[in-house]
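Shown here is one chain on its own, the form predicted alone, set out as structure tokens.
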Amino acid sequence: MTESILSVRDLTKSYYGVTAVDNVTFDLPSGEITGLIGPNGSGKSTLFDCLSGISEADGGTVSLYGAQILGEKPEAIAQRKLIRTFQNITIFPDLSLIDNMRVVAQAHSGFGFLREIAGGSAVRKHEAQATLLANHLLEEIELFELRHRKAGEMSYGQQKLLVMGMAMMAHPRLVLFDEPVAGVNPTLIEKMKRHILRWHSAGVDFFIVEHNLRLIMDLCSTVLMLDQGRILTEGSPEAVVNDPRVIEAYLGGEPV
């Protein structure tokens, strides 16, 4: 039996009387890439918010590697190696690419602000290791030659790549990717798929929200379908996208 990296039970979240996540229960198998699909407004990003601590759930439990994390602050959950990205690009536009990467490493150093300021051999060692990793990741995502350019000067696709690289700077075990390829051209999508598969082969699991069903079908071994805050169905990509309920609710009655 496959071990679960994340177990969610009866998770619920409402805003102003509207239930965005409605008693959601599922398990993410360890060692897999899992997809989450559903129409706009179905609660996908709200679910990610609750899992990552951005929003406080109204009820339920969330277990990460066997430890209950519901109610913990986002930074505490991130220290447990669960990293979340957002639909909207979140970078520091006035910093260089490599400094954007270093900021992530600093946030996950565990030293605290005063120790970072004071410096010391441990801090200097961490900074040197962070620079090495940042350079390695920027080379992987083909942005190394631009590492000293401001992030805000990059194209939309390059900024999307940077966000992916920044997520890897935290040494994650599980990444919640929220629409990683939205608005990206087909050539770059293929590159992003290769990056995800390479990082996955190195031991990183992914939970991906995406409207690009081709990407979901190419990458994921399991797919969950969310509709009106509830899990409508789950299973293999082929089984889910050809489920009549999914076709009706999400695909407008047209099978893939």
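Sequential numbering from 1, following the sequence displayed. Just so you know, these numbers come straight off a predicted model, no measurement behind them.
Note that the form predicted together with a small molecule isn't included here; everything after this is about it.
S.K.: In the predicted bound form, which of 36-44, 66-74, 217-225, 195-203 comes within 4.5 Å of the small molecule (heavy atoms)?
M.R.: Stretch with heavy atoms near the partner: 36-44.
S.K.: Quick check on this chain: which one of 127, 179, 99, 140 has a heavy atom within 4.5 Å of the small molecule in the predicted bound form?
M.R.: Exactly one residue meets the criterion: 179.
S.K.: Identify, from the list 131, 87, 155, 185, the residue with a heavy atom within 4.5 Å of the small molecule in the predicted bound form.
M.R.: In short, 87.
S.K.: Decide whether residue 232 counts as a contact residue for the small molecule in the predicted bound form under a heavy atom distance cut-off of 4.5 Å.
M.R.: Heavy-atom contact with the small molecule at 4.5 Å: absent for residue 232.
S.K.: Would you classify residue 20 as touching the small molecule in the predicted bound form, given a 4.5 Å non-hydrogen atom cut-off?
M.R.: Heavy-atom contact with the small molecule at 4.5 Å: present for residue 20.
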